[in-house]
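What follows is a single chain, given as structure tokens, in the form predicted alone.
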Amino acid sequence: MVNAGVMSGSGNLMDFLDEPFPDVGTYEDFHTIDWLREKSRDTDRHRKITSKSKESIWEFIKSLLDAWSGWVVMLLIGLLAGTLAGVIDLAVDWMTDLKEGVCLSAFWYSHEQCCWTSNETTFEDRDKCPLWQKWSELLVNQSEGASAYILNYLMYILWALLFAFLAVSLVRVFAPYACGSGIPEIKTILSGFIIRGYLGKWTLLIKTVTLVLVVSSGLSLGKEGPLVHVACCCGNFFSSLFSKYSKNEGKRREVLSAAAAAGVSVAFGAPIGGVLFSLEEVSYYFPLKTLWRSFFAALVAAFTLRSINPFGNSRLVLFYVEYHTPWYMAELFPFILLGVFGGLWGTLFIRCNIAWCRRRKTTRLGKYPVLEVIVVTAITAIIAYPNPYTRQSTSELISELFNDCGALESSQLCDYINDPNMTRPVDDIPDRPAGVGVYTAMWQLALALIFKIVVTIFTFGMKIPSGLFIPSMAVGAIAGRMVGIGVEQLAYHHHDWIIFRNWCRPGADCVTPGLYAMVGAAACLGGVTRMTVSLVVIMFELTGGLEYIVPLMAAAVTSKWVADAFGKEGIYEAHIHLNGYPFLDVKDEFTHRTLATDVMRPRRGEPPLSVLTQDSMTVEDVETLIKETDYNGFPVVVSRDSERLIGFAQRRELILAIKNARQRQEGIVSNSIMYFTEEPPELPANSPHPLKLRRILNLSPFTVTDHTPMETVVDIFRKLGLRQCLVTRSGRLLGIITKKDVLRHMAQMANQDPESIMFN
């Protein structure tokens, strides 16, 4: 018998959920988003706006604003990311020089800026000007001698320690998420995982400030990876201003993909490389619309950085080079050898760094992050100062290694023995025998190479912002320059050998050592990150060396092949696994012959699946079920006997719906019947108001049969970004497979600990 009073008196009350209520559709921290649901919600929103736009001029204007909001967000991201990158570059220049001395005319000038304004600087001594004083000159009025050297040495170490201590303290107190490179977490977030606060305003502010401090402290790290995190924080901030993005996690991730492109664009001055980096390395879902918007954001960011002109050379690129000789086919052999070195270095670095980071996580070492940073900074500063190649900033070092030796170069690396009878144009200097300076530079570079290899392993992963691009490039550039000088001297002294005879005549400029440094840098960066296409594009945008694409491609591909032979994971994937983020890598292959029934829960011997029935459970029953379990959602069936599947209800939305109903609808009590059908069930005359929850029910949950191969299931999870999928047989519910079940199963099949994938 249907309770007529309930029906007529509260028909409108029972449908109150047809209006959305606050927080519905949002996700809890450390949960995965439902990509399909987000996509369908955006389609509904778009359909509604389109139909309303025909009603009035105002609605039409609103629809235009909605359509343009994406481009506005990209413009804002580009402007802010470019500005922050320019400010960071200028501040790093000044603070790096502050460790060695100070400008008397204006203390905020770096060494270079200070000497620009001086009228007493000569070309030979361009680094010396009266306005710039080293600490020994300022404090004890001595520029030479043992006491001056020791004082400068101490000041260098003290400044480095101060910068590092400030950085780690700020990160620890204000924004713990500001540490590391940020790219592993960005990849995980873009794959649909929620980490609240990771892209917040505090993280943006602290990461920007501490990035300047740690790079200036002289630690073996770069600012390029963290700049991607900074740009994504900008993207998150601006997307929260537009409801189109703030209320849809799927759409928000499209903005973040474009922001990552803007980050690489300003980090390297490589807008096209940035778009390709976002596509190849960090993005999980990258529709064509996002490609255009990424391109626009990268363009605006690069334009903004160029306007600020932080490098003072009116160029966007970090290491602009101009080589005057082509490369020859015979040189491909040393280029490929550099690729092999890059692959081996990448493998060594990943294994050692992950082992050290795992030790940090599992031992008492992890409890003293400030002490660890101080100790590593002290060791780095003490060892780095005596060697001129490790004392200077890593970016300056790479720039010097990339440079070709022109007639005006004053670097030790260009100390060749000149032929007094040489009359040639300035640009085309022939290969010459190495002088004392080159031999000194070679052993100093060899020591710098060993130092960089060892110290980078211990630096990456500490509780400070730390990028990996620049240290990896430095290792490769040092090795490449040494190989280049070796080949150059070999060609000079043995030009009659068969390999040199065809292209290297005496008195010709055959070998460019700077090119070898560039190829070595690409090889080592490729070995560590496993990038290929975006890496080559970034390298030629970074240096302006478009003619040298083939050597760069050869080295990048070789380094990837060699590194992949020892393990498929790049450094970012390795850190994702170390931290246990639920990340399904598109590059991983699943070749095992298991079925959905082998992976689904409940397994044999486990209690039956927790389900909701469509019209026979009370509010109290559902609240008890929610309290006793921690599942993210519950399948809804016709009845416990039939187990016929109706749909799927999310835990969070059930909680919110019941809470809202108790507050806004009269007569909802603990023994009110909850129903998910269109019509209410037949109830006794004196029963309380029933509660209709059809609106929160997903009527088309993704289902597979129990005999679906796991290879197909894994593919479905990857390509559709599912949270869970239900297993049925002839319409009857058998079990459920969640993303974590898939990850556990993949770990098990790879003989790894299945619990290692749980987020910690």
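Only a predicted model underlies this, so the values are computations on that prediction, with no experimental measurement involved. One rule holds for the numbers: they count along the sequence shown, beginning at 1.
FYI, the form predicted in complex with a further copy of the same chain isn't displayed, but the following is about it.
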{"property": "Option from 392 to 400, 145 to 153, 554 to 562, 364 to 372 whose residues, in the predicted complex, bring a heavy atom within 4.5 Å of a further copy of the same chain", "result": "554 to 562"}
{"property": "Contact residue in the predicted complex, chosen from H494, R664, R644, R351 - any heavy atom within 4.5 Å of a further copy of the same chain", "result": "R644"}
{"property": "Proximity to a further copy of the same chain in the predicted complex, single hit among L490, I549, V454, L205 (heavy atom within 4.5 Å)", "result": "I549"}
{"property": "L288, heavy atom within 4.5 angstroms of a further copy of the same chain in the predicted complex", "result": "yes"}
{"property": "Partner proximity in the predicted complex: E541 to a further copy of the same chain, non-hydrogen atom cutoff 4.5 Å", "result": "yes"}
{"property": "a further copy of the same chain contact at A330 in the predicted complex, heavy atom, 4.5 Å", "result": "no"}
{"property": "Exercise: G467 in contact with a further copy of the same chain in the predicted complex, heavy atom 4.5 Å", "result": "no"}
{"property": "Within 4.5 Å of a further copy of the same chain in the predicted complex: residues from 699 to 737 (heavy atom criterion)", "result": "L699, S700, P701, F702, T703, T705, H707, T708, P709, E711, T712, D715, I716, K719, L720, S730, G731, R732"}
